[in-house]
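Just the one chain here, the form predicted alone, laid out as structure tokens.
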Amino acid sequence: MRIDGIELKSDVVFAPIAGYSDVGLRSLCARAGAGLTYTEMVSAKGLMYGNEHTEDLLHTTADEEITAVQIFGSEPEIMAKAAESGELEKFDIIDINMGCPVRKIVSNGEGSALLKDPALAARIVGEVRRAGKPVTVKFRIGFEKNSRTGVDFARIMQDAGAAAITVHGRTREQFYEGKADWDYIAEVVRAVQIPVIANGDVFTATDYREIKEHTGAAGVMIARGALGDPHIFSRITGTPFPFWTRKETVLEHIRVLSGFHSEVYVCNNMKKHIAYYCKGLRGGKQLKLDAFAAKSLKDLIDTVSGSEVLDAPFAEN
């Protein structure tokens, strides 16, 4: 799969997930075969004003061969300045979030709210392109629950200069409820000439194959399906993953994060990840409680290291 001349090593990519797409998980997903990894969404205003939390979202590792930063905002000039900032120089691709359904984001005219103002969305794409990097856009198939506007929006993004688009098969009002509309994603694919990355309800290698066949998309984005299971990319691409058990993977996740963040940050951040790593496993509920009770990073590592629950291998599909 290619995006504006950039060749990806695979057509399956790891999504920007607020609160979860940290540098540790992105490193693991890249090593497992993800062709592209995205940061959590980053505020354009936060970049402009040097927000410390914003800078924490921009760490990368050498494992991520091709990287994308996702930014959000609703003011074209500010988005352009953010895209041109030195903090984003190391990224290969700039992605614009036009799909976030969270009320706080939407009420500011950002994220999914831009689906209701295609002209403004097009201006933003045009301004961000001034940074000289390929610009991609992630959006949903519509805003209202029973309204599908994604085909027209996709054409407008293409005409504005987007090098590729990612389409989540739900509307903003659906949030993550119901089933993703793969039929509509297929309509978007047929409507544009730029690469379309399909997103929604991909939790297994079988789902990956089915959404590719169903939609005809150039690529597939995995979001929640990779939480607690970066190995999913290995099962799809055949890339050898160096960690067989969940325990090994969690400890490596902690190791990578510790190279960039304080012990307090790593301890707090990893607790929510561990809840996913042990989800559905026998004894997982107690492990989750023990992890959340940890008072320090050492306590958390000891809890993980001593857990038989996490000795379980990843799923085979």
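Here the structure is a predicted model, which is why all the values come from computation and not from measurement. One-based numbering along the sequence shown.
As for the form predicted together with a small molecule, it is not shown, yet the points below apply to it.
With the small molecule omitted here, the record of contacts in the predicted bound form names 219-227 of 77-85, 153-161, 219-227, 241-249, defined by a heavy atom within 4.5 Å. The closest heavy atom approach of residue 70 to the small molecule in the predicted bound form falls within 4.5 Å.
When the small molecule is considered in the predicted bound form, residue 24 lies well away from it, no heavy atom lying within 4.5 Å. Taking the partner from elsewhere, residue 181 is found to have every heavy atom lying beyond 4.5 Å of the small molecule in the predicted bound form.
Put simply, residue 200 is close to the small molecule in the predicted bound form: some heavy atom of it is within 4.5 Å.
The listed set 290, 56, 64, 40 contains one residue whose heavy atoms approach the small molecule in the predicted bound form to within 4.5 Å, identified as 40.
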